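Here's a solo chain for you in structure tokens, the form predicted alone.
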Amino acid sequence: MPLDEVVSSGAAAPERGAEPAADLKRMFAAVRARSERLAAALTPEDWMIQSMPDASPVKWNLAHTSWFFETFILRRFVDGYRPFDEAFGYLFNSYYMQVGEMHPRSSRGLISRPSAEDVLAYRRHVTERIESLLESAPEGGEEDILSLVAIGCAHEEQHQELLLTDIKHGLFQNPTAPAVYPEPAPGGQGASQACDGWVEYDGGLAVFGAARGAEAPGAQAFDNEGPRHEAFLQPYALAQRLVTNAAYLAFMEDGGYEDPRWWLSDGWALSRQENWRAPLYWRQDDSGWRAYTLFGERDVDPDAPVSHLSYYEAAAYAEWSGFRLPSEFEWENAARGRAVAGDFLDDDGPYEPRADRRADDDGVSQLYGGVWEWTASPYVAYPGYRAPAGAIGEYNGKFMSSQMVLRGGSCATPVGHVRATYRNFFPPHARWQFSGLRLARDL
């Protein structure tokens, strides 16, 4: 999800099984294949689109993830390794200043060459050599190789999410509203009406963050999820249900976008400047509200979670409702011990947020998947945090400024990628990700 320049990332270790190299090789092959399946639904012309500086072309995402494995693993651990193409080090570096210079981010859509075929050949080259390295790691380097390949797999999963959100923004510029993927058949029953209440949590001192190193050998976590530390919570409650499109439409119809009382100052100025009147991708016609999706344009589903909101919009809605956004610690406290299950990206989609179709329960609904949940917490280092040494340390810590934390994953997040301690982050104006909200209140 960084997702490249702005989403969470860092140093991770692979889950250890009886044969960690074999397990990781299977995971690596699956991750590489999924990226190419997602891209295969698009045309070579689609692969070139860069609709804004925050987005990257499909072709660049596919090449950059290969550059990552080549730069941080193959160059280091394969004796006499010759890069596939020396120019790729400049073209497909993202922000690793310690590695070398890079092509300007805003101009990635102008790189018509190398071709799509060249990029796929580059991927095959890198994939084959990483698989060979996992089969016969050099003596004394196996642990480092496994750790770095695990990081590379998590990094590529983040770029799979970027591939979807970036191409959605790009194709939204097309007035024909083209579809990318077939729409999955809806499953289960309608939205749970029991999820309109609140779940209360005791306050007190609690431990947050992911255990690492000797505390949890083999545990998977990014460096920004630790160190584990204590924080104090006041008693609070979380809404059982994510804010839905219908609930957000009530805010819009009540003049929410025209009333500065609900808005942070920067958000109000930006909403005026960019003429925000609805979530990104929504438009109104004679039949009502429609939204662009990866299946083409559709009627807005009133029961689905509202998505593609900036932090400013989420905060304004919370203020209008009389409640607030939760802190990231309140969210993590609620998630602790719960199964990580929800609408995540797999081979069958779902590609877009869906209404809650699970059976009623007494806990929070759709805590994972569906939409990323904005929190009220700024993205800063936990007490005692230190970025990893070397260029890989640029992966995460350098972004701990002017961004807000999101939790839980979305319908575009690969299944198995997130956990209770996972910290995503975006600047407060970002709208093109699948980002929504859940309300909180004090007790």
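Note that the structure is a prediction, hence the values are computed from the model and not measured. Don't overthink the numbering: it's just position in the shown sequence, from 1.
There is another form of the same protein, the form predicted in complex with another copy of the chain; it is not shown, and what comes next is about it.
A.B. asks: Go through 232-240, 248-256, 295-303, 124-132 and give me the stretch that gets within 4.5 Å of another copy of the chain in the model of the complex, heavy atoms only.
C.D. replies: This holds for exactly one stretch, 232-240.
A.B. asks: Within 4.5 Å, heavy atoms only: does residue 53 come near another copy of the chain in the model of the complex?
C.D. replies: Output for residue 53 is no: heavy atoms all beyond 4.5 Å of another copy of the chain.
A.B. asks: Can you check whether residue 103 is within 4.5 Å of another copy of the chain in the model of the complex, heavy atom basis?
C.D. replies: Yes - in the model of the complex, heavy atoms of residue 103 and another copy of the chain come within 4.5 Å of each other.
A.B. asks: Is residue 48 near another copy of the chain? Define near as a heavy atom within 4.5 Å, in the model of the complex.
C.D. replies: Residue 48 belongs to the contact set for another copy of the chain.
A.B. asks: Can you work out whether residue 33 and another copy of the chain are in contact in the model of the complex, taking contact to mean some heavy atom pair no more than 4.5 Å apart?
C.D. replies: The answer is no: residue 33 has no heavy atom within 4.5 Å of another copy of the chain.
A.B. asks: Only one of 136, 115, 273, 284 gets a heavy atom within 4.5 Å of another copy of the chain in the model of the complex. Which one?
C.D. replies: Here the answer is residue option 115.
A.B. asks: Let me know the one among 145, 199, 78, 111 whose heavy atoms come within 4.5 Å of another copy of the chain in the model of the complex, would you?
C.D. replies: The residue from 145, 199, 78, 111 that makes the contact is 111.
A.B. asks: Give, in sequence order, every residue of 243-262 that has a heavy atom within 4.5 Å of another copy of the chain in the model of the complex, or say none if there are no such residues.
C.D. replies: The stretch 243-262, when checked against another copy of the chain in the model of the complex, contributes 260, 261 at the 4.5 Å heavy-atom cut-off.
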